[in-house]
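First comes one chain, alone, set out as structure tokens in the form predicted alone.
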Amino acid sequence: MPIKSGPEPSAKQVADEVRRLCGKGLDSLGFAPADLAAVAPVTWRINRLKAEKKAVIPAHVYQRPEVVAGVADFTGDSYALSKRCAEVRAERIVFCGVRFMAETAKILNPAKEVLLPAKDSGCTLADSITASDVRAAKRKYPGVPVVSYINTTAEVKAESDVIVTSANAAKILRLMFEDHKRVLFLPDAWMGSNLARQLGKKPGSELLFWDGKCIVHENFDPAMVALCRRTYPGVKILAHAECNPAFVELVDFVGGTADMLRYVRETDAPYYMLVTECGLGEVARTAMPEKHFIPMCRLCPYMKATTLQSVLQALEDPQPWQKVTVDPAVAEAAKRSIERMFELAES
């Protein structure tokens, strides 16, 4: 999609922007001077337009580094972004993430315009289950509460009792088990298995789950762990909760992206390996340059679909397909399950 013409930055403004981007750590991630010179005019224009149009740009930690460092107003995992979006005072939200995240932002900000720059920003987990699937599961297990991972569509959230993220799933499930003998967890089967093990619940009888998987986290091979430990003595291996349970059993820490970053900050080790989407490692390397990170990650094609050019275009000339809409009845029901998450997670 062509980008409308607009004011171009002066040579000094570009040089200042390059210095700002270097201060954000882009040069340490391999951006050469020519790369920075190409990025700087785009980030300058986005930030100028953002102020003019009273827009805010949240970005998930898996986004491209030039988006995270160059134009994001705040970054985080799904939970942090949900909370921050509920608190923003901007007139529009340009969401740099995937569709279910932008839907969540719209549910929490119904009066605001929410834009999703990239058309191909889906999610294999969210696509693995529909609202009709949830209704069928509720008929099969009457009275069993439905706890859905935030990586789901607005329609699935509307059919759920409470939403969880990888950071708060264990806590919320413990609270649910205080009043229920069985709980239905959707849609990530591997996260469900990992949570059942963590909580001491029987998978398939006490903790029931769907058969969804993440395209990124299903590709990590447990056999790599032993090789990594031999190659990097003392390495701490951290895995996302969406990983294969056989992989999770071999690592030093399992959790969500925010939990993983916190663990690295609070521990001392010669090496760290973050087993998840590559964007988290880029955030960690720029935030903690004194730490040593060993690459073992996979790119998410959906997260990486958002580019600076698509963000600029969405700000300059948003297309109908970029404007996120949620049916009001669906949004009202989904909002209850999201607010229930906030209530239980912070209790």
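In case it trips you up, residue 1 is the first one in the sequence shown, and so on. All of these numbers come straight from a predicted model, not from anything done at the bench.
The form predicted together with a small molecule is left out here; the points below concern that form.
Establish, in the model of the complex, whether 60, 166 and 242 all lie within 4.5 Å of the small molecule, using non-hydrogen atoms for the distance.
-> Per the other structure, all of 60, 166 and 242 touch the small molecule.
The unique member of 209, 247, 253, 100 whose heavy atoms fall within 4.5 Å of the small molecule in the model of the complex = Of the listed residues, the single hit is 100.
160, 257, 104, 194: which sits within 4.5 Å of the small molecule in the model of the complex by any heavy atom?
-> The option sitting close enough to the partner is 257.
Heavy atoms, 4.5 Å, the small molecule in the model of the complex: which of 262-270, 108-116, 178-186, 147-155 makes the cut? Say which one.
-> Of the options given, it is 147-155.
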